[in-house]
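Just the one chain here, laid out as structure tokens, in the form predicted on its own.
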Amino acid sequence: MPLSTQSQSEDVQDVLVANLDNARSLSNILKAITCKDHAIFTATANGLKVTVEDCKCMQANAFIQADIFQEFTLKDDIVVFQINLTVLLDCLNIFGGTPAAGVSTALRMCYRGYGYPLTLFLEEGGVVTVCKINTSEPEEPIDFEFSSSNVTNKVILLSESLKEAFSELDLTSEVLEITMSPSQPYFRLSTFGNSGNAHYDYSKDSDMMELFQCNRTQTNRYKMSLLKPSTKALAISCKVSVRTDSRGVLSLQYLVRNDDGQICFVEYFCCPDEEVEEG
């Protein structure tokens, strides 16, 4: 790959170097969490985690494993910086968002450390473009303290069925109500919009339900404005895990396959707007 020879002399000073043969693998997953301009990049030996937050009530994380990159070199145990996600996506799509068949944009991403920009080398058809994007010191991301040991209810659905549900529910509703229960209605989504109340139920034995683990009946409402950005992740995913903990915090984890069939994950955390008392 031509970019492998780019800036080799500078690599010695870079704390992070990552190569991708297809920049779309990164841009597609980042689009799925773009709800605010700025994002926190955290690089570890496991790969990249990109975090976006809204109002301290919602957090979106994209996970891109290290083995998805053709090269992933890290000089420190952890590298963290904040960047304008909108600008980064514009740069990643600088050759156009929909390349011709068989044509891909190669990416080399370099970061020298605190105070330095993130440098992108993008190559398509022998043309190389260099972009430098300013970075800043990140704020500490929210710790939702969402622990697997504290999960009360969990279901795994095929994404197609959740897309169908969202197409039938009334998105003018200010909240989405989620009921999870070991007995009927098992898993219910409800809205309360301009056209009235709407419910979408799933049986625990549904063909669309890959896993059903509900320990107690729980009904919570979540602000629709906070959940709407997650539909971008839903659109490109094949499965979704829906979990709630004892506090009603919601985790939506989307399994996404990139153009090369590799698996990435997008996870949304959302605080409940209000808990509905069981009558």
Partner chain sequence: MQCVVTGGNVKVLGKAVHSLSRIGDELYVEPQEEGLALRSVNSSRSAYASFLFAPLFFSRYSIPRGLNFRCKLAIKSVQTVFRSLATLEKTVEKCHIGLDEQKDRLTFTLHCKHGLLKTHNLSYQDSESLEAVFDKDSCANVFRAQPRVLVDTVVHFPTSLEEVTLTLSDERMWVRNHVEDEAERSKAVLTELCLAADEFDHFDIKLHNSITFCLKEFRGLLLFAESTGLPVTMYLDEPGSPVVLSVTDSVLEGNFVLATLSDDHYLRQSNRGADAEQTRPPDDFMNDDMDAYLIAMDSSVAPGPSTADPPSLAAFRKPPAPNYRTRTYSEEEEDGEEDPERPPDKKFRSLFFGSVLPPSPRRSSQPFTTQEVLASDSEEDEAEAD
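The model shown is predicted, which means the values in this text are computed figures rather than measured ones. Residue numbers count along the first chain shown, from 1.
Although not depicted, the form predicted in complex with the partner chain is the subject of the following passage.
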Work out which of 203, 148, 129, 136 lies within 4.5 Å of the partner chain in the predicted bound form, going by heavy atoms. 203
Answer with one of 76, 164, 90, 174: the residue that has a non-hydrogen atom within 4.5 Å of the partner chain in the predicted bound form. 164
Counting only non-hydrogen atoms, choose the one of 219-227, 55-63, 245-253, 206-214 that falls within 4.5 Å of the partner chain in the predicted bound form. 206-214
Using a 4.5 Å heavy atom cut-off, state whether residue 183 contacts the partner chain in the predicted bound form. no
Counting only non-hydrogen atoms and a 4.5 angstroms cut-off, does residue 196 reach the partner chain in the predicted bound form? yes
